[in-house]
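In structure tokens, one chain follows: the form predicted on its own.
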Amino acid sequence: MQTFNDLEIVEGKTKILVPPDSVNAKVPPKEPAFFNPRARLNRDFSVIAYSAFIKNFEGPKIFLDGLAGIGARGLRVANEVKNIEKVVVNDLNSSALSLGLRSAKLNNLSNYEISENETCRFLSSYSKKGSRAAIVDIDPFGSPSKYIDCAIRATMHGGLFSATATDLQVLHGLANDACKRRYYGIPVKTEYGNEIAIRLILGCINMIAARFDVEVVPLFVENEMHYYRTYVKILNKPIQQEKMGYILHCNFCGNRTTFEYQSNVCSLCNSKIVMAGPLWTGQLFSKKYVLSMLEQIPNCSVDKKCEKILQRCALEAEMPGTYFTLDEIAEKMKCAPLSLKKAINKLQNGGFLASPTSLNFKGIRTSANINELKEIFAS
């Protein structure tokens, strides 16, 4: 079924037909169909995350992809995630959908279906009780915010909703008005700006879900240079505990904290602070879920980096919010940065909680504040 212009690649355990320019061009073109080979790690994590989730899920094991492109993620889910009963991928590009169907035949898939519709119309067709999906996936160009409402409606109680955001400039503080419109909060420019961005996305999902008396529980988050991705469990019940607030950051001394209310003054040095939010202030990871993802790795064909990242996620899962970077601390102390291992050992020996973070390979999470950090590192 391969046409003259199709290029066959293998990603994970799945054969995928892609437009040649998607692989050869510096920037993958949207026409005739979009495929981003650099997003393989993103799809690798999806295969692991969905394998861990569906293993213990009770109910119809249906996967919906609202913005599928050539269907690379859906193809891999249909082919590599055990127990998935049906995959339905949706896109407005008929050429992309046709290419996905040919890939499905190449892999002898009988559980792969297509839909050509506007995203929210597609998801709305699965929003009634009895027709909702176990897993709903949204991977747009830019912000996922306009799809969150209909995606939550299409997700079963106890199901999983995952969303990607690629509007990094907005989430990093270069367009605060746009960020407030899309995510209901604003960021600040800091060394841990990717964590603030992820918390803004989760905060947006949480606020939209709250309108339906739906609780969201983050299970896993990850990021690469060009995207942020969140995985949350959907529970059809009122929010049990408010986990929205602000990150207060002092540019003078480097102190930062998550807090339920707004404030103007640093609690350590009394300088004026900058404030990000409102955003999600709860945990970013479920340790139990991350460990179940690690258990799935031997069954998956994924990049070796996945295991290293997940190991860090497990270590930081129950740690305080917001991380420090070793370079940031060294600059304030006017000395060379410590190694990650030595920094964590010093903190733990000093009686503080400390772990690496998956969001920055030179970052540490700790219960110590900036003054305690400098004192411990100087000792």
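From 1 onward, residues are counted along the sequence shown. Small disclaimer: the values here were computed from a predicted structure and weren't measured.
The next section is about a form of this same protein that is not shown, the form predicted together with a small molecule.
Student: Please identify the residue among 53, 323, 45, 35 with any heavy atom within 4.5 Å of the small molecule in the predicted complex.
Tutor: Spelling it out, the residue with a heavy atom inside the cut-off is 35.
Student: Just one of 195, 222, 139, 80 has a heavy atom within 4.5 Å of the small molecule in the predicted complex. Which one?
Tutor: Spelling it out, the residue with a heavy atom inside the cut-off is 139.
Student: Only one of these stretches, 324 to 332, 339 to 347, 310 to 318, 61 to 69, has heavy atoms within 4.5 Å of the small molecule in the predicted complex; which one is it?
Tutor: Heavy atoms within 4.5 Å of the small molecule in the predicted complex occur in 61 to 69.
Student: May I ask you to state whether residue 92 is within 4.5 Å of the small molecule in the predicted complex, using heavy atom distances?
Tutor: The answer is yes: residue 92 has a heavy atom within 4.5 Å of the small molecule.
Student: Does any heavy atom of residue 118 come within 4.5 Å of a heavy atom of the small molecule in the predicted complex?
Tutor: Yes - in the predicted complex, heavy atoms of residue 118 and the small molecule come within 4.5 Å of each other.
Student: Are any of the heavy atoms in residue 132 no more than 4.5 Å from a heavy atom of the small molecule in the predicted complex?
Tutor: It does not: once the small molecule is placed as it appears in the predicted complex, residue 132 has no heavy atom within 4.5 Å of it.
Student: Do residue 147 and the small molecule come within 4.5 Å of each other in the predicted complex, heavy atoms counted?
Tutor: The answer is yes: residue 147 has a heavy atom within 4.5 Å of the small molecule.
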